[in-house]
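Just one chain is shown here, as structure tokens, and it is the form predicted on its own.
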Amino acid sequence: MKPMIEMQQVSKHYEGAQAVHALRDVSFSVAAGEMVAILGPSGSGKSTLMNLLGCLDTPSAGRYRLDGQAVERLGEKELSRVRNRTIGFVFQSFHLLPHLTARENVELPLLYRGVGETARRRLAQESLRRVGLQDRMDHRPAQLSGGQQQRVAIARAMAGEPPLLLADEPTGNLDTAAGRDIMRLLTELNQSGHTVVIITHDPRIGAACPRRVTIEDGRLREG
């Protein structure tokens, strides 16, 4: 399989009174269709890595190819386009707009992409059905449980059929049962063809993934 993610000797440092080296010479690849957990404690560099993988930031050194594109060469407008079309983001805190219904929240990335109203509605409804929320489409976030809100967030992430789902602590705000449901859903999405990368501190999440990578002090190792 072709690589979806390919990093070669990527480093990220931040200048200041004292330079911070958040990532050091990271070489890492994920094949299209893989499901990978990146495990690490707070301060290990996993948030920095997530920002680079998601094109929210660019490397200080090294090369990053995302679905064949040289990310380090892209300007902000091009990076925004890549984020919108290639990556579906799932966050720990859901990031749902409270005044919008589940369907309207799922439609938002499609609106930014320029998808017409009829197609937006159809894609949002299909996506919510896939995550089992066909009877909650007109509910606002406050009317949904935490697990249901995360399902809306996953539906939003995959509504435009991006090849990569990038999940940052996707079960962190959920109880154990809801967390297991979310992991089953992410596994099903992976089996349907999505590349799934999960960034987490929880070894139980790592154990549920076919491949695990550990980050510590800004360096990666397999397992």
Ligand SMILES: Nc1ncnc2c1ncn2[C@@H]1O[C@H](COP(=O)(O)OP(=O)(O)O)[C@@H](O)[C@H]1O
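Quick caveat: nothing in here was measured; it's all calculated off a predicted structure. Numbering starts at 1 and follows the sequence shown.
The form predicted together with this ligand is left out here; the points below concern that form.
A heavy atom within 4.5 Å of this ligand in the predicted bound form is found for exactly one of 173, 44, 190, 60: 44.
Using a 4.5 angstroms limit between non-hydrogen atoms, residue 20 touches this ligand in the predicted bound form. Remark: residue 195 does not count among the residues lining this ligand in the predicted bound form, judged by a heavy atom distance of 4.5 Å or less. Figure note: of the listed segments 27-35, 178-186, 45-53, 61-69, the one touching this ligand in the predicted bound form, with heavy atoms no more than 4.5 Å away, is 45-53.
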